[in-house]
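Here you get one chain, nothing else, as C-alpha cells; it is the form predicted alone.
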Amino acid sequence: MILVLEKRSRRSQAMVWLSPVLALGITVVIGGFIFASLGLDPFKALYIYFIDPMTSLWSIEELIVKAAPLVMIGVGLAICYTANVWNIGAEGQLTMGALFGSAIPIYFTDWQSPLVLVLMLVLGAIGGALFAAIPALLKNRFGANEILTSLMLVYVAQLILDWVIRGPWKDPKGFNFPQSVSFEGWQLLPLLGEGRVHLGAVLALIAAVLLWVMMGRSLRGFEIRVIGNSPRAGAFAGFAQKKVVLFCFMLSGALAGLAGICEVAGPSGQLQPVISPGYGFTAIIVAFLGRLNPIGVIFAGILLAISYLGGEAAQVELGISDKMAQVFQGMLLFLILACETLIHYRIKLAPGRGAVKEA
C-alpha cells in the first residue's frame, strides 16, 4: 500500500481561512518541543519569542518598523502569486531600489529639499521595477523559468551593492568602513512621533489598501485573478498573459524597491553592505500567510515581524542561535504549504505496484 493524493471535488471555504491559524498553531507546538530539546523551559521560551515583543511601547514601535517592509513587499508578491507569477527575487529588487534611491544623497550630499526625499522614493521604486522586469522579459521572450532567474538576480544585486559600497560610493571620511556617507535632513524619512516609526509604515498601509481596492474593484484585478485561475479562460476573454506577467513583476519590484530605499532612508540612515535581514524572502511567507489578500498581508507582516523581534530577544535572554528565527519562519512556510495542499487534496491509501502486478 502507498499513500497518494486525491483531488477533492470541492475545497472547504472555512479551511481556506483557518489553515494559516492551524499552521501557526502547529509551528508553536513544534517550537515548544525544539526549545525543550535544548533544555529550555518551552513556555518561557515561547513567551519571550511571541509575547514579549508586544509588551512595551518601545517593542511595539520596533515591531512596526520591521513589519513595514514585510507588508510593502508582501502585498506586491501577493498580487504576483495570485496571477501564478512566481517572483522569488524581491530581496534583489529591494537592494536595487536602495541603490537607485541612494544615488541622490550620495552624489548631491548637500542638497536639502522635500524634493530630495520624493525623488529618492521614486527612484527606489523605479530601480526595483526595472530589475524585476528582467525575469519578466526573459519569461515572456524565451520562456525562462522566472523562479530561477529572479532568484539568481538576487545575488547579482548583492554583488553590485558590495562593489559600490566598497568602491566608488564608500565614504572617504568613514575610516575605511564599507558604508556610504550618512544621510541627513530631507534625505531621511520623517519620523511619526518621537520613536523610530517612520513614514515607510504609512506607505506600506497605503500600498496594501490600494492593491486591495485594485484586486476587488478594478478590471486589472479581475484580469489578474482570471489569468491566475485559468490562463486559457483569460485568453478567450482577450486578456494578454504576457502583459500580466510584466505588470505583476514590475509592480512587486517597485514595492520591493520602495521598501529598500525606506530601509536605507529610515532605520539605517546610510547605504551599507547589508540592507535587510532577508525581508525579501520572508515576505514570501507573509504573502501566503495573508492568503494572498493585501489586507491579510498586513496582519501576516506583523506576525512575521514578531518572529524577528522574538528571535533577537531569545538570543539575548536564552542564549540561542540567531538561526532560530529562520527555523520558525521555515517551519511556518512548510506548514502553510502543507495545509494548502490538503485543502485541495486528500491523502488516501492505494495498492502498491507489487499488489497491482499480483492482481
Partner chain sequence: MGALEAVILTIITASTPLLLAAIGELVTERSGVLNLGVEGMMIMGAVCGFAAAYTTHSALLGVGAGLLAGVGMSLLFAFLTQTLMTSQVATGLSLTLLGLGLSGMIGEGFTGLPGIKLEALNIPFLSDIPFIGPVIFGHDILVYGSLFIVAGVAYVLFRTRLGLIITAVGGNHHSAHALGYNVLRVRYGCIAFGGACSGLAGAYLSLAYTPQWIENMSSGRGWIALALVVFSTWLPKRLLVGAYLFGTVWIMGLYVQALGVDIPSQLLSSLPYLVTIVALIIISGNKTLTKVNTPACIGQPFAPER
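Since we're looking at a predicted model, the values are computed, not measured. Numbering follows the first chain given and starts at 1. In this text, rigid core is short for the largest set of C-alphas that superpose within 1.5 Å between two forms.
The same protein also exists as the form predicted together with the partner chain; that form is not shown, yet it is the one meant from here on.
Contact stretch among 22 to 30, 318 to 326, 305 to 313, 58 to 66 - heavy atom within 4.5 Å of the partner chain in the model of the complex: The contacting stretch is 318 to 326.
Quick one: 189, 202 and 205 and the partner chain in the model of the complex, is every residue within 4.5 Å by at least one heavy atom? Not a single residue of the candidate spot has a heavy atom within 4.5 Å of the partner chain in the model of the complex.
Answer for residue 166 alone: is it within 4.5 Å of the partner chain in the model of the complex, judged on heavy atom distances? Residue 166 belongs to the contact set for the partner chain.
Please run the contact check for residue 180 against the partner chain in the model of the complex: heavy atoms, 4.5 angstroms, yes or no? Because no heavy atom of residue 180 falls inside 4.5 Å of the partner chain in the model of the complex, the answer is no.
So in the model of the complex, is the partner chain close enough to residue 288 to count as touching (4.5 Å, heavy atoms)? Yes, residue 288 sits close enough to the partner chain in the model of the complex that at least one of its heavy atoms falls within 4.5 Å.
So in the model of the complex, does any heavy atom of residue 16 sit within 4.5 Å of the partner chain? Flag for residue 16 set to no.
Looking at 172, 143, 193, 114 here, can you tell me which has any non-hydrogen atom within 4.5 angstroms of the partner chain in the model of the complex? Looking at 172, 143, 193, 114 one by one, just 143 meets the 4.5 Å heavy-atom criterion.
Within 4.5 Å, heavy atoms only, which of 104, 138, 123, 130 is in contact with the partner chain in the model of the complex? Spelling it out, the residue with a heavy atom inside the cut-off is 138.
Neighbours of the partner chain in the model of the complex among 79 to 109 [non-hydrogen atom within 4.5 angstroms]: Read in sequence order, the residues that approach the partner chain (within 4.5 Å, in the model of the complex) are 86, 88.
Rigid-core frame, C-alpha of residue 343, shift of 2 angstroms or more between this form and the one not shown: Residue 343 C-alpha, core-superposed: shift of 2 Å or more.
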